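This document starts with one chain, in the form predicted on its own, laid out as structure tokens.
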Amino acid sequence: MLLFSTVNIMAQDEGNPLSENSQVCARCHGNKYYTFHNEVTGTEVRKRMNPYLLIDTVKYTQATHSFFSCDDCHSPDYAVYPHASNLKLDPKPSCIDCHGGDESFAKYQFDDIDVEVQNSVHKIAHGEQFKCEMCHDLHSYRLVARNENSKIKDIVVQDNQMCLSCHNNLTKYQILTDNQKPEILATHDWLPNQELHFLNVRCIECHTPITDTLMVSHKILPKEQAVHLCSDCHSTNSILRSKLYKYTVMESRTDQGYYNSVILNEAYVIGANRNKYLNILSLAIFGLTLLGISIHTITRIINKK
């Protein structure tokens, strides 16, 4: 019989958004330490939770999948503690098992996403070891990018954290490979003002192809095919219009470069934020200035003669 100290009962508070089943699991997996009664020794035991099995219940209640119970994905046999060791061998459903071929999720295009993932550098290199949850933590992932109220910087922070959770974490990186973990700053030393770029654009802006069919391309390209030209972003035809700013541009796309109030309130991209009419006015002023200088020069020459 599993017993808990009062410290671990916090998941049972009235009004808790977790399901009843998830509240039971959270008594242990929602705490760094858990307590149980060892029937063999007849003693109360306090143990530290494996950090890989620790769930942040606050993030979980705010996550996209928070309405699920733990046993929707995990075997209901986990309700018994100690957990049977063979449960670890049970295959868990994949994301596409739930989201693929379902009309209610059609707008998210999970089947197309799956095709891109199969052709991404991660999947090709690591095969079946590479799973969706390695990037999208199922217990904390929130749908930020598709939320019309989200700020661009919130999207950048969340999406970059997915990449950095492996590429800036030696322990997690070595779960998949024995290769030496690349130093992010060193491998991007060609990029001017790194800090500014990392704070304002996502890794996938440079490491995925442009796609018109998906909101976010999931085909991660080999590093040799990553964007290296400044003009790809810093121009009126900036790839950011088809990537990072796609969520806001789609609603109010115009033929006036980056003249979009939503975007201009959040970001300024040198060489990309252009206004058609200001461009014409600038050219007109420049032309009139040159004309004035020319007339003045010609007049001076004539008067000297």
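If you're wondering where the values come from, they're calculated on a predicted model, not measured in any experiment. Each residue number is its position in the shown sequence, starting from 1.
The form predicted together with ligand HEC is left out here; the points below concern that form.
Residue contact check for Ala63: none of its heavy atoms lie within 4.5 Å of ligand HEC in the predicted bound form.
Contact check for Leu53: a non-hydrogen atom falls within 4.5 Å of ligand HEC in the predicted bound form. Proximity of Pro209 to ligand HEC in the predicted bound form: non-hydrogen atoms within 4.5 Å are absent; the residue sits far from the partner. The closest non-hydrogen atom of Asn200 lies within 4.5 Å of ligand HEC in the predicted bound form.
Using a 4.5 Å cut-off on any heavy atom, the residues of 203-217 that reach ligand HEC in the predicted bound form are, in sequence order, Cys203, Ile204, Glu205, Cys206, His207, Met215, Val216.
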